[in-house]
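In structure tokens, one chain follows: the form predicted alone.
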């Protein structure tokens, strides 16, 4: 291996999606040296909202006001679900730790409590979620007021604004879709300053432009005459990238009413913000990152108790040793799992994957079958310490752990629990990992 470099760490995290980022954060906060391998591209598709558990049972589509009540029901009815295996107190702590770190990196979230919130989407539907960015919370507060029982108040007048050429967001569509539920919605469209001759706009470009004072002031000046009696203003998620808090505050001060953002279609500004904040968090905590690398080979040495990772995508190649390894590689989109006509396989070590007995059983006949598709619950099974099992049902290696969507027995998309799955299992696994490295367990 030409130009080979050797590095030793306590923990190697393979994967840089939400689960990988959470695992690296929690490992570093426990004082463990950590290297993270993989691109954070999957985070770019995030909405910025942090789901915990919104729907259970998924087949019934039942939505829960309290994610912790939903977790209690999940534990009773699906005890093998990964989220059901993490105690609620640990989940609370994990979320608080995660959003606190994001806040320190400049991406502030509203204080977490015991409830899910409703948030407007760019197509006029409502999404149930747990963690809401501060720039979106005024909209969630307004929806709370609409749903409050025995509150005979008039729905707040809200102005929704979009920009000519921004095709992924239509204020008119949102207002029309929600007309019955929120009759106080009105809408308007403006030309984005400096982009008047551009036929098609992109949210990330607008967000960057609004970080300059002149463009921000001109945009506010165009919206102000449209306010009328509006009590709050909704915008697509364009209020800055790395300086979201500053831009959002400037809009509220300039318009004199609460302002909230509405998540746009991925890849989106919220995903860019989240990835940027997480990269800042990793850097501040000393996590070594190999963003463009992948693991070509992973081997374990029983004599030394260490793992060796050979990396591709690093000039000259690189070999890394670690006392523990975390698989946070995701499912098919993250390439943690691969599938062919012979079945589903784990991509790095060939670990056994819990999956339907035959390929014919992967999917239901109806694409929209309420019970979902069995293939979406395929993944790795682990012991109580979050260590993936080999063919004999024993841990594949004493300090190999698996977290996030690669785990079996869950359908995170339909249950609206993607962030919760990532954050909660990363927290639980890092506690087990730290205990082992610190000698607290066998």
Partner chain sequence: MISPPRIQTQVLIIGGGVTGTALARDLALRGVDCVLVEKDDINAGASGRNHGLLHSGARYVAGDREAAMECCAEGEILKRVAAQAIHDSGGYFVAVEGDDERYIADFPLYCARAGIGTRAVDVATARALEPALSDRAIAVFEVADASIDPFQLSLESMAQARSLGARLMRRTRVVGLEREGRLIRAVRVRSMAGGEDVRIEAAQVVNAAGAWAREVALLAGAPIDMTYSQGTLLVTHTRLASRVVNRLRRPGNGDILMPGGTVSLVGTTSTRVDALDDIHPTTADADLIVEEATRMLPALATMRFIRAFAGVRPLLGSPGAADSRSVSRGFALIDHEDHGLDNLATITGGKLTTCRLMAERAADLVCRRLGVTRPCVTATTPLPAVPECEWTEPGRSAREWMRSHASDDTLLCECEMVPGSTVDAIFDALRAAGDTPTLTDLGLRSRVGKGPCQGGFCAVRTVAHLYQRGDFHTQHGLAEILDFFGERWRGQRAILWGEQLAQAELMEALHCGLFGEELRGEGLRRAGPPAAPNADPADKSSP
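Numbering follows the first chain given and starts at 1. All values reported here derive from a predicted model rather than from experimental measurement.
Form predicted in complex with the partner chain: not shown, discussed below.
A.B. asks: Sort through 348, 72, 146, 339 and report the residue having a heavy atom within 4.5 Å of the partner chain in the predicted complex.
C.D. replies: The residue in contact is 339.
A.B. asks: Looking at 248, 81, 331, 117, which is the one with a non-hydrogen atom within 4.5 Å of the partner chain in the predicted complex?
C.D. replies: By the 4.5 Å criterion, the partner-contacting residue is 331.
A.B. asks: Check for me: heavy atom within 4.5 Å of the partner chain in the predicted complex, for each of 86, 92 and 299, yes or no.
C.D. replies: Verified in the predicted complex; spot residues all out of contact, no.
A.B. asks: Looking in the predicted complex, any heavy atom of residue 399 within 4.5 Å of the partner chain?
C.D. replies: Judged by the heavy-atom cut-off of 4.5 Å, residue 399 is well away from the partner chain in the predicted complex.
A.B. asks: With a 4.5 Å heavy atom cut-off, would you call residue 255 a contact of the partner chain in the predicted complex?
C.D. replies: Outside the cut-off, so no.
A.B. asks: My question is simply whether residue 376 lines the interface with the partner chain in the predicted complex - judged by any non-hydrogen atom within 4.5 Å.
C.D. replies: Residue 376 belongs to the contact set for the partner chain.
A.B. asks: Any chance residue 385 has a heavy atom within 4.5 Å of the partner chain in the predicted complex?
C.D. replies: Residue 385 lies outside the contact set for the partner chain.
A.B. asks: Among 107-115, 258-266, 349-357, 138-146, which stretch has residues whose heavy atoms lie within 4.5 Å of the partner chain in the predicted complex?
C.D. replies: That would be stretch 258-266.
A.B. asks: Using a 4.5 Å cut-off on heavy atoms, which residues of 396-432 contact the partner chain in the predicted complex?
C.D. replies: Residues within 4.5 Å: 412, 413, 414, 416.
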